[in-house]
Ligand SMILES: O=c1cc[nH]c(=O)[nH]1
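Next up is one chain by itself, shown in structure tokens, the form predicted alone.
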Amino acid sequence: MAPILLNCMGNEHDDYIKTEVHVKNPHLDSMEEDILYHFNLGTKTHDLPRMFGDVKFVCVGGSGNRMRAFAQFMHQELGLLGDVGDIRDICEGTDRYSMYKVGPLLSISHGMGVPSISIMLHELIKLLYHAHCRDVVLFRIGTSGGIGLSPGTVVITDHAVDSFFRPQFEQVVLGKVIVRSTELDEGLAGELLLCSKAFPEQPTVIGHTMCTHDFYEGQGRLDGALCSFSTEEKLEYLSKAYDAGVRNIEMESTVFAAMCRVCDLRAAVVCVTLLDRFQGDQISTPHDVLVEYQQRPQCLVARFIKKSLGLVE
């Protein structure tokens, strides 16, 4: 069995921290150029401090179209000048991710699943590092399956947990298993919960979010191409998850929480539930209702950003 390194919290190499956003890689300082390949950006080809130095908030979500719409929404919410139609995709030279900048906000897509968001986060954190950004807050906003919650409930994550309900993320590095904590910023979660009072029609809770590596069997669904368990086994597992404090399931939160924690970035995961998994597996809610549900995390995070900027009380 490969050796397991427990509680790898990222305190190693603290002497290499030289700018406001932390990276934990001593090799970066010796590189002549850092190419952020999947963003189509680089330290020699782009003036990253000029382009991104004023960034204070980063919101990431799965869909490129959704993050473009969020950028346009935030342009209006922040009262910025110009036409929202002129907001361009900074990463238009690549088809991996989409990135939009509106004022002090970056809106970036991350695709589906841990591997996709992990690649994006490596390059995003390096981007913030090279741009000399300070006091940045990161949010993952998206959709999820609820456990024991009504559809449309917004879940603010306190701990991202794995499929064994453990608050940790395991990464295999050079044949060794690195284990990192997935605890998120408690104060930030509390501030978001306070902001949710502005939306009384929108139920909002704080709870654990379970991150899986699969949408079907990995989340206990009975409707995939493969299924190796019974309905009773599925419900028993979901009941154990609920008893462990899990309130929703998605596929990116553990690595998001772990990487932000290692790099000392304030971060939150805010996802809306599209269904209660105790009641079924398939999403049959009408499209217009789903669109409204998907806007709920966006409105909550927008409220937080506007409050942070002194635009609302």
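Computed from a predicted structure; not experimentally measured. The first residue of the sequence shown is number 1, and the count goes up from there.
Omitted from view is the form predicted in complex with this ligand, to which the following refers.
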property	result
Residue 98 within 4.5 Å of this ligand in the predicted bound form, heavy atoms	no
Proximity of residue 145 to this ligand in the predicted bound form, heavy atoms at 4.5 Å	yes
Interface membership of residue 251, this ligand in the predicted bound form, 4.5 Å heavy atom rule	yes
Close approach of residue 215 to this ligand in the predicted bound form, 4.5 Å, heavy atom	yes
Contact residue in the predicted bound form, chosen from 274, 48, 265, 36 - any heavy atom within 4.5 Å of this ligand	274
Which of 186-194, 218-226, 148-156, 199-207 lines the interface with this ligand in the predicted bound form (heavy atom within 4.5 Å)	218-226
